Structure formats: structure tokens, C-alpha cells
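Before any questions on binding or motion, here is one chain by itself as C-alpha cells, the form predicted on its own.
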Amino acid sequence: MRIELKPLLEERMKKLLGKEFPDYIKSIETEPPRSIRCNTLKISPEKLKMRLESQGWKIKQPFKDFPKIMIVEGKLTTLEGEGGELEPLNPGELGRSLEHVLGYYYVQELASMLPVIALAPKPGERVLDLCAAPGSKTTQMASKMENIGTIIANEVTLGRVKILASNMERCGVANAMITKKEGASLCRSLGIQGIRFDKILIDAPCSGEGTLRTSKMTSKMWNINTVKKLSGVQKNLLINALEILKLNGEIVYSTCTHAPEENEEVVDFILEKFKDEIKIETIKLPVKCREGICGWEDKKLDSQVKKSCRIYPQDNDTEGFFIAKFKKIK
């Protein structure tokens, strides 16, 4: 499907990608792989793969060290006199299967799984998911924590809280509680009560430039004023979250946009504000990551910003994402 970018968005992406811009356009105009994440609170990746393949689904596990991540390449249809051929799944078929209803897997875009891999929450830790709905990353964290420890999953919108609660229940999450409050305000309230966290995930509200592949409306709704407004919101979330992070605790900040104002400029702002109290850490992920950019338009950024991670659709056959990880050292 052809995507028409607004002139300013096209200009900005050309500036970011240069000669690779045509590859980027080609990528976002193709259908993304259908990826799912095995929910190990209910089933092992081996057993899930066996169940799905018994129904004719062709399952690929692209990363040896992360067997929970699966791509459904299609389903095999046996034809008379032949061994069968691969057909695409029907629309909505991933969400209608018994295994999905039982919570054995979560339908999740591959790049969306990466922030939790970067955060690496462990059993017994206290974790805050500040912008939690619809629950993809909350349920992923509960799985990694083996339902041991505590997750506070926060969402500000009532309708999305209901979706979050439904997904947590379906996936058998037993170590999380839901709060409904504006993120920065929640952090201040928790801080007054003396509550601190080992790990915090801020999968921040953003302009969504990285979701063009699966959400065609994003290109029509995109607005530079929204980009600039959200940058302020994101900075405020990070400032308040860092105040309730334990010493040696870690925060992962992520967005599904390419806009430097919402990515590197936010990281640069936080590094400047907290100076020697925090450090930005190198991220290791099972996909191709590009370094964060250290300058945008006329603004030069801290060289440490390059430790953040830009994920482009043409590099990994995924959606676009940005991830940065901070550690509180003072």
C-alpha cells in the first residue's frame, strides 16, 4: 500500500536517512511479519510451537537466545496430490485462536518487545510500568519476573485501563496492580510515600512515526506541533520517574517515533539536568541498532546520546523504535 508522507515529515526523514530514504519507504509500504510472544506464565515456547504447528501454522523463531519471540509465516494447506503450500493467515486469525484466548501468546510487534528485553526485570524486583496500556510490555515483564515481585502498571485513560486489566487477566499476571493517574503525578505521590523502584519502564506517548507500517492514519495525523508538545510531556515523565528510582536502579525510556525532539533531545535534556547522578548505558538487543544522533538541525547534543538505540523498519523488517537506558549512580 502506497503511503503519502506530509511534506515536512518526508523532509525530516530524508534528513535522518539520506540515501537510504527509498529503502525506508519501500519497507513501510510492505506488510510487516506477524509476530507473537509466548507467555511463559502459561506455556513453554516448545509446547506452544508444537501446538500451533499441529494446526498447520508455520512458526519461525528468529532469535536463538529469545525463543519466546515467534513469527507466524502462514499456514500450510495440504492440497490433493501435493504436500501443501503456504498461505497467509486470515484477517484476525491470530486473535481468534484458542491459544490466544487462553493467554498462551500475546500478539505483539517484534520491535515492541525490545524495551523490556533492554530493561531485563528480574523475579523479586519492584517495577513501575508508567504508561502501561494495552499491557503488552506489562505482561512481558510479568513473564520475565515469573510472577515474583511487584509491578505497578499505570494508565491515565479509563478505557485503556479496562483493556490493560483484560490482557493481564488473560495472561495470568498475578504480581501486578493497576493505577489510574497521570504519570508524573503518580511518581510524585509515590515519592511522598517513600516508595522506590528497582526498574522503571517509560514507553512514552509519542507522535508514532515508527508505526506507519501498521497504522496508515499516522501519516495523516502527524503534526510538528504535536512532536514539540509531546517532547515536554516526555521530559516531565522522565524527571519525575528518576526521583523514585533506587540507587543503582535502571530506567528504560522508549518511543515508537523517529523524531529527534522526542528521542535524543529528551535524552540530552535528562543528561544535562541530572549530570553526575545518572549515566546512560549501552543497550544490547537481538536486532540491528543504530546509534542515537548527536545533533539535529542547529542543536548539538551530548556525545553520550549515541549510546541510545534507533531501530528502523528497513533494517530489521519491524516497526520503528527508539530506546535509551539510564542507571542512577548517585
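Please read all numbers here as calculations on a predicted model, not as lab measurements. Numbers for residues come from their place in the sequence shown, where the first is 1.
The following text describes the form predicted in complex with ligand SAM, which does not appear among the structures shown.
Remark: of stretches 180-188, 90-98, 219-227, 67-75, the one touching ligand SAM in the model of the complex is 180-188 (heavy atom within 4.5 Å). In summary, among the residues 130, 251, 127, 171, the only one with a non-hydrogen atom within 4.5 Å of ligand SAM in the model of the complex is 130. When ligand SAM is considered in the model of the complex, only one residue from 260, 135, 121, 210 comes within 4.5 Å through any heavy atom, namely 135. In the model of the complex, ligand SAM sits within 4.5 Å of a heavy atom belonging to residue 157. Ligand SAM in the model of the complex is not approached by residue 103, whose heavy atoms all lie more than 4.5 angstroms from it. Although the partner is absent here, residue 204 is a contact residue: one of its heavy atoms lies within 4.5 angstroms of ligand SAM in the model of the complex.
Although the partner is absent from this view, residue 237 contacts ligand SAM in the model of the complex, with a non-hydrogen atom inside 4.5 angstroms.
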